[in-house]
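Here you get one chain, nothing else, as structure tokens; it is the form predicted on its own.
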Amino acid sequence: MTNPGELKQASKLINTAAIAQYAAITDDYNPIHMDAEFAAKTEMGGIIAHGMLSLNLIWQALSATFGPDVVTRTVLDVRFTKPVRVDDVVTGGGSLREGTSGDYDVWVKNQNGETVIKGSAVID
């Protein structure tokens, strides 16, 4: 079977409720994610979402395309390139690298088309 050229995309609105739910699940209450007054005084200039909250969209795209067992046979290598802000809508997806059978360029982009995460997924 030939792998598809594009991953099925997955999107999420990153609002304060999503950030709070993620913090509760992971027990990560870092004030950069939770405290607007604190976050405003940092170099980020305001609250940013947990990186893994957005990274999960790449896993969702892979799983939607190949099924849930894909996580056990994929090596993911990514960089976080831009912070995700409250009320951003982020979308994860990817494209098959030309000349390969299971290597994908993967990404998460915000509603303005700006890449917030980029990297690769190699599926065994």
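These figures come from a predicted structure and were not determined experimentally. A residue's number is simply how far along the shown sequence it sits, counting from 1.
What comes next is about the form predicted in complex with a further copy of the same chain, which is not displayed.
- Looking at N15, T115, Q21, T100, which is the one with a non-hydrogen atom within 4.5 Å of a further copy of the same chain in the model of the complex? It is Q21.
### Query
Which residue, M34, A40, L76, V89, has a heavy atom that falls within 4.5 Å of a further copy of the same chain in the model of the complex?
The residue in contact is L76.
Item to check | Interface membership of Q60, a further copy of the same chain in the model of the complex, 4.5 Å heavy atom rule | outcome: Taking the distances in the model of the complex, the answer for Q60 is yes, it comes within 4.5 Å of a further copy of the same chain.
(request) Decide whether N56 counts as a contact residue for a further copy of the same chain in the model of the complex under a heavy atom distance cut-off of 4.5 Å. (result) It does: once a further copy of the same chain is placed as it appears in the model of the complex, N56 has a heavy atom within 4.5 Å of it.
| said: Since only the chain is shown here, I'm wondering whether S95 would be in contact with a further copy of the same chain in the model of the complex (any heavy atom pair within 4.5 Å). | reply: S95: no contact with a further copy of the same chain in the model of the complex.
Item to complete: Just give me the residues of 88-121, first to last, that have a heavy atom within 4.5 Å of a further copy of the same chain in the model of the complex.
Response: Heavy-atom contacts to a further copy of the same chain in the model of the complex: nothing from 88-121.
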